[in-house]
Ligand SMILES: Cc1cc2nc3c(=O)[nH]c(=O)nc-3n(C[C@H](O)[C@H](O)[C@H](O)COP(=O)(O)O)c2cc1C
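Taking the form predicted alone, here's one chain by itself in structure tokens.
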């Protein structure tokens, strides 16, 4: 007799186990740079077109129901989020065949306790990104890194890097819902999880 559950993960038909699995994947993505969940794609509203770009998953807080990424306060994404703080973030693990779409409200942290703590925990190499002279996306008539010539190849000292703190921004996503998709040859599985006031209030299956 063929076992219908062979080669299927525990979460295949279990919404509660999917919840556990998705938070585990996010935590692994935050902690391990080689995880396929380490980077995701955020989508924001733009006046003309939807706007999407890649960011690194920097913080995961299951109890607060938030995930976070870092960016420059001068970036276009911050302008868009100030106009409309609704955004979605998409992850996909090719090996595990799992996709997550996380939607929620963005909270922008710049020069406050949360951004200070995140900055202090950042590597010097990451801090260097925020000392560029012009805002990200500024037009140029030639190829440009944005750094002063003396900072092109060498890592500046801490005093110089600290000047980038004013530009450094932590964007926290207060999660409203998470859509899960798992691909399997015997039949995909898709589910939606809805949150309110940091509490999971609804779990439901969706047709893939």
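Note that the structure is a prediction, hence the values are computed from the model and not measured. Positions refer to the first chain, counted from 1.
Not on display, but discussed next: the form predicted together with this ligand.
Of the candidate stretches 51-59, 153-161, 140-148, 174-182, only 51-59 has residues whose heavy atoms lie within 4.5 Å of this ligand in the predicted bound form. Though this ligand is absent from this view, in the predicted bound form it lies within 4.5 Å of a heavy atom of just one residue from 97, 76, 86, 116, which is 76. Within this chain, residue 70 lines the site of this ligand in the predicted bound form, having a heavy atom no more than 4.5 Å away. Although the partner is absent from this view, residue 39 contacts this ligand in the predicted bound form, with a non-hydrogen atom inside 4.5 angstroms.
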